[in-house]
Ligand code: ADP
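Shown here is one chain on its own, the form predicted alone, set out as structure tokens.
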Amino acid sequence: MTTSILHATLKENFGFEKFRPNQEDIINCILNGHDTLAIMPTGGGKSICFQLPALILPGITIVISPLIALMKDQVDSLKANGIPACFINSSQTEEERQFYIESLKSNLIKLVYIAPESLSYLDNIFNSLTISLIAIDEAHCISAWGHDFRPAYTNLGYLKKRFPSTPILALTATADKATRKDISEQLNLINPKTFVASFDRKNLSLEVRPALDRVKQIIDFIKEKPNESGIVYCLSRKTTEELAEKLQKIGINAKAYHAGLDNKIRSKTQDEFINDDCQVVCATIAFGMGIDKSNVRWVIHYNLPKNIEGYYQEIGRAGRDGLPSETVLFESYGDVIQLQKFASQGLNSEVQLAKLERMKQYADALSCRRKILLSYFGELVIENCGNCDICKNPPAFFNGTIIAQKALSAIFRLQETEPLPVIIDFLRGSKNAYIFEKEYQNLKTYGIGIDLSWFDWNQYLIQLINLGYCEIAFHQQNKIRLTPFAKKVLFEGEKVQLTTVQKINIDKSEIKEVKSKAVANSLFETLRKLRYEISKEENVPAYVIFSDVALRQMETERPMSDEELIAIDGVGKAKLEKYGDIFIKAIIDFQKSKSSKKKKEATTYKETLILFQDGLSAEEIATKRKLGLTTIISHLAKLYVDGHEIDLSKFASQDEVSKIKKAQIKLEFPATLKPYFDFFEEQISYDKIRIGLAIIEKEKNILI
């Protein structure tokens, strides 16, 4: 197959100008009749690898997929691109299934999605169909070595025997070497060509936080993102429900999702999330594999995941469209205890415990997190990523010997019989009932660490555990015990290097104000609302109409003709015909309103300027124009920067401007005023800061 034909098919049917890494090679491999194993991270474009060959091959492509939601999602997307597709499963009536079966027999369908449990529906017609390709999605489910083993997948090995000349494509987002080998063997693949795409999802930021007051941290995080979809993964069903309820109480549109809920409730929650009617889903790992939602902007792990494969697949559900997205993992030793218990009781307990230990090492790491993840999947990189919490805020080391001696002495005085929280209470001289019941207040080192906060002590003790000076006896009620290394610190003068505790301090008010204004006035938001309205009319997910990437490109390029719109990535022939006119009109209307607004702004600034030149004070102008004083001050600052002769010395003294200039350098040129206000301990007002920054900006412009 020539490259030009493949690229023409890609653009006309899917709207993309070029293939992602490995896609074209995988497609050519399939078209040449080879069995293929493709390991591609979530968001790497696995679907194109079988959807495009399905259009070129003469017969039908069967896609085996584990979840109904994923089938419906992909079929909706294919239909939006004018590609005939269907799914067959137990959720349909007998009449619906029969209709699609007849359509397959009549060659009216190019792709049929089906669950492994539902393959029996096609048994009677297999011989009458021309099957050109069999694609098995989420293929790691066939392997007991993988992180999401599903017994129904183990029967799929018969497909190669029944269709020996039909190429099979097995796809998964995460599989180590042992799992890859197992997939090929169990599916009876013949000399499969294996493609392993880079696991480096550069658009995902990686962050690990201590799990102290995590509900508040999650609430603060979500409040910054009022229009962004996200998933919070929790270890237990109970936690999903409790967290969703807490978020709902403060006005966040959140729902719980877990296997214990009624099927109808789960299905409704999933549909609402896919269709942008629900912002946040608090879920167990049962949620997500069937989600093809491209505009999930963040993923939070409320608990430590049980292995890196599962963690990487779950964070991969954010930013599938390639736009910047955030991931946050909360770590606590309580999670480790619970996960160790689960792993020790399950299949392959030794392997699962080892994988959990590797996950814990990742969370405790003090080096680039992306390098750790990539090395786990056999991909070695030299450069740090610059997009994880460690790269952005490299830990600062200090001589923590005295802190270590205090902590280890406390463990010794408590005879190595207490868990972490009790040790911290003891160090800080807490006067709670347990301490007094045990008479710990009478021990020599009681209260020796009162100068440090509970949060700080918790972090330092975790570091000492990670450094090997003490350990958790998981099998003995999580008592903290000293290791032989502790003796060197307590009695032999060994020095201990600790890292400075990172405080989590989010300034919500200013961020929220700026973000909400930016969102409300953007072309992206206008197009996002239009997309949502169309999706409701057509009963499909909003991102099926156009992805966030396409909308962002429309915002940048401002296409106002068919020729300009079809040049946007994700706009193919079918979508141009269906949605082109309405989106072009929305862009033109936005441009007109923006132009009108600029004229209005110019007029209002001019009115303020005339009154100021007539000798009115800022207060008098505010009264006369019925505007706030801060608004008038901002007008004057803008007019001054734009070159109008205005004396601003009455609003901010030379000394204050000098202080603001020094603060600007020290604060590394913040985009908002709040950091300055806090820096000056509220002694210099917002209005003075705004005027001072205008004077500084004007000086820079003159120098340039």
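Quick note: we count residues from 1 along the sequence shown, nothing fancier. Bear in mind that the values here come from a model prediction, so they are computed numbers and not experimental data.
The same protein also has a form predicted in complex with this ligand, omitted here; what follows describes it.
| request: Consider Asp569 of the chain shown here, and say whether it contacts this ligand in the model of the complex, taking contact as heavy atoms within 4.5 Å. | output: Output for Asp569 is yes: heavy atoms within 4.5 Å of this ligand.
| task | Considering only heavy atoms, tell me if Glu228 and this ligand come within 4.5 Å of each other in the model of the complex. | result | Contact with this ligand, no.
| Is there a non-hydrogen atom of Gly45 within 4.5 angstroms of a non-hydrogen atom of this ligand in the model of the complex? | Contact with this ligand, yes.
| said: Is Pro41 part of the interface with this ligand in the model of the complex - any heavy atom within 4.5 Å? | reply: Yes - in the model of the complex, heavy atoms of Pro41 and this ligand come within 4.5 Å of each other.
| query | Pick from 25 to 33, 45 to 53, 638 to 646, 651 to 659: which stretch has non-hydrogen atoms within 4.5 Å of this ligand in the model of the complex? | reply | Of the options given, it is 45 to 53.
| Contact residue in the model of the complex, chosen from Gln463, Ser184, Ser294, Ser205 - any heavy atom within 4.5 Å of this ligand | Exactly one listed residue reaches within 4.5 Å, namely Ser294.
| Considering this ligand in the model of the complex, which of Lys306, Arg320, Arg369, His301 comes within 4.5 Å of it through any heavy atom? | Selected residue: Arg320.
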